[in-house]
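Below you will find one chain, with nothing else, as structure tokens; this is the form predicted alone, and questions on how it binds or moves follow later.
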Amino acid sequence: MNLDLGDKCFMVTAASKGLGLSVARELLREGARVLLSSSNRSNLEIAAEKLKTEGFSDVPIWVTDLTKKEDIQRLIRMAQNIFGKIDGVVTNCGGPPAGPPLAITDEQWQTAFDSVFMSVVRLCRLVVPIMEEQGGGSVLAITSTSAKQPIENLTTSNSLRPAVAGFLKYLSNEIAAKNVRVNVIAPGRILTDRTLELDAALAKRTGKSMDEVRAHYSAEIPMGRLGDVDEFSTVCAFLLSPRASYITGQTICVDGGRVQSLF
């Protein structure tokens, strides 16, 4: 399917690796222009070089700490300066700290709140008016299936991902008539470095082997396996594209069927 992204310009946060990089790559494959953002310059440069070897030579990068509103303001200005417009933004952030409910410190809660929730609020506050003025656009927030169903040992994610979905659902209602779409995509167990990190943490905490941890999670998934990043990024590209022009205000799981809620 041609997604009609050849004249579109996007920015993707936390895009130096993992799911963010996979979405940026898929948008580039579809002919879009993409600005990569991350808090780590070295990782960004490595990502840009990797994309260059794959044939994508014109990929701008910009260092952004999503917990700082001034950094987000600079990111938006940079995207406008480079592209002259912003057709879509993918909000993404590193996973918040893991841990059981009573073990998360106040400092960890505050950092997670700024990174997971306020980064989305601040990005939308700046980007949505630009999209409204130019006649349309699309916001896609990468969260987690914890937005619908709690995940073991991920207290901060279980608390803040639903908050993101709630904020964006209401925002989508407010701006739908302006041709600005807002959706949430909730990945399940997709094989990334973050997945390996969480598996290792659980193995250490429980005394199980990595194979036992992997078998445990696979058993929870009706498809019986973890997802591939391309299976995730292709859905993201579709939701950001004009082909999804009548989809807004939705939280869509890409999880092999793990989440058992009806909606």
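Because the structure is predicted, anything quoted here is derived from the model rather than measured. Position 1 is the first residue in the sequence shown; the rest follow in order.
Beyond the structure shown, there is the form predicted in complex with a small molecule, which is absent from this document and is the topic of what follows.
Chemist: Thinking of the small molecule in the predicted complex, which stretch from 101-109, 165-173, 88-96, 120-128 has heavy atoms inside 4.5 Å of it?
Modeler: It is the stretch 88-96.
Chemist: I'd like to check something about residue 148: if you look in the predicted complex, is any of its heavy atoms closer than or equal to 4.5 Å to a heavy atom of the small molecule?
Modeler: It does not: once the small molecule is placed as it appears in the predicted complex, residue 148 has no heavy atom within 4.5 Å of it.
Chemist: How about residue 138 - does it come within 4.5 Å of the small molecule in the predicted complex, if we only consider non-hydrogen atoms?
Modeler: Judged by the heavy-atom cut-off of 4.5 Å, residue 138 is well away from the small molecule in the predicted complex.
Chemist: Residue 66: heavy atom within 4.5 Å of the small molecule in the predicted complex?
Modeler: Residue 66: yes, in contact with the small molecule in the predicted complex.
Chemist: Heavy atoms within 4.5 Å of the small molecule in the predicted complex: does residue 142 have any?
Modeler: Yes - in the predicted complex, heavy atoms of residue 142 and the small molecule come within 4.5 Å of each other.
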